[in-house]
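Encoded as structure tokens, the following chain is the form predicted alone, with no partner shown.
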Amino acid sequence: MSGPTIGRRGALAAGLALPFIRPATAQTTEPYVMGSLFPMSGPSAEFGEAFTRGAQVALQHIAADNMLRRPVRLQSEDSQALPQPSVVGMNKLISVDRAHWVLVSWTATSKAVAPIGDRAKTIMVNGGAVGPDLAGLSPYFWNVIALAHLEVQVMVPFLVRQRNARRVALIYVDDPLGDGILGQLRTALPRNGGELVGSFSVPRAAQQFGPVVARVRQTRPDAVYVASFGAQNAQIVKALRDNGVTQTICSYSAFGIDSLRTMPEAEGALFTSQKLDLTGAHALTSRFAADFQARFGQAPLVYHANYYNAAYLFGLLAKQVEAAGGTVNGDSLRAAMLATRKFDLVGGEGEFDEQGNMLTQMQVNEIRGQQFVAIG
């Protein structure tokens, strides 16, 4: 069986929706097409590369194990982490590449493409965006990452009880992700004996944060929650430290990338993520960690694991559909997921609810000595 291949095509210039035209019959020797809509250029390209690497190792395993009767081809479209290029890319993946399974990321872009995938009955799997309203977006939109409401519910009690940080200020990006985390902090902090002492929105394209940091300092917080993404997270952290903010900096799983891990100003920062023990006895996790290290020369991070799971799940479900003599498409894959619910994935057993949200354990991490250390 042929191994996985990856093709990259630039995003088209216009954002007009295309009709969902599929050939009537696919040749049985044609590969299954798995699409990806990641930022492959611009300030968030680091995330796109990380997401892709996880998926590549999953397709490597699907091919090595001869899981499917046809090979799988990964077709990448550059979302630029923006809605319009994502809509263009999604239309192309469905109408031209005939993808029945598309890996997506980013809250705003996911919400932009979800109606397109819903109409075409194409499975969309998110392993990077955490906006709370991504749950239940469509029967064909699934999440293999804990959404923001779950991450905030873990971080807030830890801050209050373990760090005695009751006064929290928030710097958040002005988009659905930031709005979602603001809403969660407004309810979670009082419920746990804390207080949101200030909230400050910043535009997506902002790069200078001196005035915002000055307003944060005036609130005299015990901790500052940063709710942005991409390069902006690192810019906010640097601005906080450069302007004398010494209090605890905390965030969600977007802090789990190398550029923040190695950044001196991020030392001591806290962030939540899914629980992942790469040194345990779980066979698939150990195989993933070893093969990822061998292929890319680094230990995998949580985002790598998320998109491994997002891609590997296709192999597990398509195998079931093939064995039953069915045709692999969005409806058959969704039916297989609902009939099975529990899957052996990296990190352990993953269980999905009716809406396609994977239930998972969470942990609190600290950036310590340029390492991610699980502390709670």
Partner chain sequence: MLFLQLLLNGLQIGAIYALTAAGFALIFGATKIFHVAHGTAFTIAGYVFLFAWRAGWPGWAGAAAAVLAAMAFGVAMERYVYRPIQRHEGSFFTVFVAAFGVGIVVQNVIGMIAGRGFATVDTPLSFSAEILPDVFVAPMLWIALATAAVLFVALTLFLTRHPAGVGLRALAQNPDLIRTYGLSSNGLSVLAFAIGSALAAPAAIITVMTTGLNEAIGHQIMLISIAATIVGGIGSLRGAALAGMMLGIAESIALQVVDTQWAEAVSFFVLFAFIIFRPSGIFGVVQTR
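Positions refer to the first chain, counted from 1. Model, not experiment: these values are computed from the prediction.
Keep in mind that the form predicted in complex with the partner chain is not shown, yet the notes after this line are about it.
A.B. asks: Heavy atom within 4.5 Å of the partner chain in the model of the complex: which of Ala335, Met67, Ala45, Val321 fits that? Just give me the one.
C.D. replies: Here the answer is residue option Ala45.
A.B. asks: Quick one: from Glu265, Asp133, Asp118, Asp291, grab the residue that has a heavy atom within 4.5 Å of the partner chain in the model of the complex.
C.D. replies: Exactly one listed residue reaches within 4.5 Å, namely Glu265.
A.B. asks: Each of Asp97, Thr279 and Leu313 having a non-hydrogen atom within 4.5 Å of the partner chain in the model of the complex: is that the case here?
C.D. replies: The answer is no; none of Asp97, Thr279 and Leu313 reaches the partner chain.
A.B. asks: Please check if Leu345 has a heavy atom lying within 4.5 Å of any heavy atom of the partner chain in the model of the complex.
C.D. replies: Leu345: no contact with the partner chain in the model of the complex.
A.B. asks: In the model of the complex, is there a heavy atom of the partner chain that lies within 4.5 Å of any heavy atom of Ser41, even though the partner is absent here?
C.D. replies: Close contact exists here: in the model of the complex, Ser41 approaches the partner chain to within 4.5 Å, heavy atoms only.
A.B. asks: My question is simply whether Val197 lines the interface with the partner chain in the model of the complex - judged by any non-hydrogen atom within 4.5 Å.
C.D. replies: It does not: once the partner chain is placed as it appears in the model of the complex, Val197 has no heavy atom within 4.5 Å of it.
A.B. asks: Since only the chain is shown here, I'm wondering whether Ala299 would be in contact with the partner chain in the model of the complex (any heavy atom pair within 4.5 Å).
C.D. replies: Ala299: no, not in contact with the partner chain in the model of the complex.
A.B. asks: Would you mind picking out the stretch of 210 to 218, 120 to 128, 139 to 147, 302 to 310 that comes within 4.5 angstroms of the partner chain in the model of the complex, counting non-hydrogen atoms?
C.D. replies: It is 210 to 218 that comes within 4.5 Å of the partner.
A.B. asks: Along 230 to 248, which positions have a non-hydrogen atom within 4.5 Å of the partner chain in the model of the complex?
C.D. replies: Result: Ala231, Ala234, Gln235, Lys238, Arg241, Asp242, Asn243, Gly244.
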